[in-house]
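One chain comes next, on its own, written as structure tokens: the form predicted alone.
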């Protein structure tokens, strides 16, 4: 086991954090070597296995990310933008692969992550699932084949606790549609319609977000023309698909050169 890549999970108490801990613990291709939580969190100083209601696994939750990263080959991070930027710099310092599933990142965050990628491997994706990344590729291909007589709308649904909208996956899909059409997403994006909006602008890429219950993640890409529609859909029913994809990315990154990658690179799509 000692020769397997050691993985640190940040935000270990969260839904994705706990799923990652379980996924890594069940893997024969990696080992859990650290868990990070914010200072003052009740889990700090306790064994992660016991915190999650099970037996001790020999990994104590820490609030010192640099110490944890120093003994790891990879860090898997589904936290918040400000924390992810800090982790990117520390992971680069430790020369650990940094797998980022955090969403809601803005231009300033992305610039700092890009700087960290000059020194270490970063794999960043709005969604780590194989199915979603296939959907992204299909969206790009269909958008390239259809002209602006076909309106593009992206509808996403998530659980009530999700704090950002549109989702990172929806933005991935929008970017794929924009690239297929050869346009800039920021210029074409139309979201949050309310009131008297007027007729739909030709060439716009629309977004709509649904929040409720415990929905794991649902995404529809609608290409609508007069008389017909093409609808691409992905439904996630188990958060484990994201954890498995993130672990695959962490293992893949062991053989990569410093730089920023995405799941298309990991999956060879």
Ligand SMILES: NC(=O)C1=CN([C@@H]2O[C@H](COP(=O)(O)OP(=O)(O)OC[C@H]3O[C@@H](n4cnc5c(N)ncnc54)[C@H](OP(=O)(O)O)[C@@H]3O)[C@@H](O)[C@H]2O)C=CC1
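A quick note: this is a predicted structure, and the numbers were derived from the prediction, not measured. Numbering follows the first chain given and starts at 1.
Below: the form predicted in complex with this ligand, not depicted.
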query	finding
Triplet 37, 41 and 79 all within 4.5 Å of this ligand in the predicted complex via a heavy atom	yes
Contact assignment for this ligand in the predicted complex, among 114, 184, 147, 164, heavy atom within 4.5 Å	164
4.5 Å heavy atom contact, residue 24 and this ligand in the predicted complex	no
In the predicted complex, residue 247 touching this ligand (heavy atom, 4.5 Å)	no
Contact of residue 126 with this ligand in the predicted complex (heavy atom, 4.5 Å)	yes
Non-hydrogen atom contact residue 103 with this ligand in the predicted complex at 4.5 angstroms	yes
Stretch in contact, per heavy atom within 4.5 angstroms of this ligand in the predicted complex, of 81-89, 188-196, 137-145, 68-76	81-89
